[in-house]
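A single chain, nothing else alongside it, follows as C-alpha cells in the form predicted alone.
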C-alpha cells in the first residue's frame, strides 16, 4: 500500500514540474496502478486543476490532455469516427467502466507498462507526446526513452487519411492482455504496434514492401509471418513465448485483412 505524507494540488505546470524533481515525490494520475505499490511518497502532486482533462478536436488534430480518462477516449465521437471505432475497442476491455472512469491517458502512457493497450493504440496512430520540459516527441521516441522526472502534458493525434484496426487476446475479458496488436495505414504507410509481449509495445513498419502491391490473403499472411519473426516475445503466467509469437502472426494477419475490408479476418 502506498503512503503519502503531504498532498499538493498544483496551480501551474511549472509548480508541478519543480515539485516532481524531488525523487520522493510523485505525480498522481488515476491512482489505480500507483496505489497498488508500496511507495512512501513525500508529496503527491495532483494535476487535476490544470485543465488537462479535455479532448479538443480541431480541423487538423486531436489534442488529448494527460488527465483525460480512458472512458473519455472510449466515448469520444470524433476520435472514434476518425479511428473507425479502433480507439474505443482498444480500451473497452480494460477492467471495467468504473476503472476506465478513473484511469488517465497520462498515467497509462507515462508508465510505459508492458500490458498497455493505450500505448499500443497510440503507436499505431503515429501520435505525438508533449512533455513539459523536453517538448514534443513522437510516441515511438517517447516509448523508448528511459522514464524521467518530466511531465506528460498532452497527446496529439494528427488527422490524416487512414484506416485503423485494434486486436487483443485476453484469457478473460477484463484481464490484462496476453497480446495487443494495432495496425494502421496512414498516408499509404502501414504501421504495426504489438504490446503485452509481455514487454512494452513496439512498432513495426513494412520495410520489406510485403504490402506494397495491396492487401490480399497472401500478402497479409506474409506480413504476419514477417511480424512473428521480427517482434520479440517472452512468456509469463498469461502465455508462453511460443503462444505469443503465434498470436503476433495471427492478429497481424487478421488486422491487415480487416484494413483491406475483410472483416472476417483469417
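Positions refer to the first chain, counted from 1. Given the structure is predicted, the values throughout are model-derived calculations rather than measurements.
Omitted here: the form predicted together with a small molecule. The next part is about that form.
With the partner omitted from this view, the residue of 220, 28, 227, 64 that lies near the small molecule in the predicted bound form is 28 [heavy atom within 4.5 Å]. Think of it this way: in the predicted bound form, the small molecule has a heavy atom of just one of 134, 95, 156, 186 within 4.5 Å, and the residue is 95. If you check the small molecule in the predicted bound form, you find a heavy atom from every one of 34, 104 and 107 within 4.5 Å. Shown alone, this chain has one stretch from 186 to 194, 113 to 121, 79 to 87, 157 to 165 that lies within 4.5 Å of the small molecule in the predicted bound form by heavy atoms: 113 to 121. Although the partner is absent here, residue 141 is not a contact residue: none of its heavy atoms lies within 4.5 angstroms of the small molecule in the predicted bound form. Heavy atoms of residue 126 never reach within 4.5 Å of the small molecule in the predicted bound form, leaving it off the interface. Although the partner is absent here, residue 74 sits far enough away that none of its heavy atoms falls within 4.5 Å of the small molecule in the predicted bound form. Though the partner is left out of this view, residue 47 does reach within 4.5 Å of the small molecule in the predicted bound form, counting heavy atoms only.
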